[in-house]
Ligand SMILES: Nc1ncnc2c1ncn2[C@@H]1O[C@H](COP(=O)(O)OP(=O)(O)OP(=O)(O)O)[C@@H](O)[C@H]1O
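First, one chain by itself in structure tokens, the form predicted on its own.
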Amino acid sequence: MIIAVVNSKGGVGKSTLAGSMAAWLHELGHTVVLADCDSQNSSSEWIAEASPQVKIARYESADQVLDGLPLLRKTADYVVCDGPGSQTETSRALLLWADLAVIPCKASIFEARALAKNTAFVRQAQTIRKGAPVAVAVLSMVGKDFRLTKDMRDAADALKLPLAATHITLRQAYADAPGQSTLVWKMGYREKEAAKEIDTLFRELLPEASESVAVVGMTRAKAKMKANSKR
């Protein structure tokens, strides 16, 4: 499965979301590649230290994305792509291969306008591909201003774009984790709310990821019980 975390605006939490998702999927037992398509390489540099078992690929252009993603798909259960903050052609290329497009956005009137632009990119890809990718917006860096949050929900509704029920709250932990080369769920009891929040979001976005792990676990347990019964 290819997951593209995209938004044509920078500073909306794409790298935090993509890097965390790749590490989360890996810890569930899936094979994962983090495809860093942002020239700053923030997510790949962070995850290389915080979760070094996650494989990393870096793409610098739309052509590299178009050529590389179908090959990566064959090597892993999940390919999580961190999209660029400005190179729209690279974002379009990601959407032409993605199965799921996750669009993080902050709650502001400027983000509402950017959301319309990003939704247009998604609709173009869906028209070309006759359906895919599935798209969902995620509110990120949400503060206490409920009015702006409601405005973004209204904007998503007007665009007929599903909005995740779980949002990412504005927390220092999300900024500190990359600097400490760690993940929020490894930062101890103090950051338990951040850990719970991001786990809830990922389970909402990727319910099959945790379900498949549970099935595998049950299958292995049954096989072990069967083997023991034959002894």
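Counting begins at 1, following the sequence as shown. Everything numeric here is computed off the predicted structure, so don't read it as measured data.
Just so it is clear, the following notes concern the form predicted together with the named molecule, a form of the same protein that is not shown.
Contact annotation: residue 164 falls outside 4.5 Å of the named molecule in the model of the complex, judged by heavy atom distances.
Residue 207 falls outside the set of residues with a heavy atom inside 4.5 Å of the named molecule in the model of the complex. Under a 4.5 angstroms non-hydrogen atom cutoff, the named molecule in the model of the complex lacks residue 48 among its neighbouring residues. Using a 4.5 angstroms threshold between heavy atoms, residue 28 stays clear of the named molecule in the model of the complex. This chain is displayed without the named molecule, yet in the model of the complex the stretch 168-176 from 55-63, 199-207, 168-176, 185-193 comes within 4.5 Å of it by heavy atoms. For the candidate set 141, 152, 125, 72, a heavy atom within 4.5 Å of the named molecule in the model of the complex is found for exactly one residue, namely 141. Taking the named molecule as positioned in the model of the complex, the residues of 8-45 that bring a heavy atom within 4.5 Å of it are, in sequence order, 9, 10, 11, 12, 13, 14, 15, 16, 38, 40.
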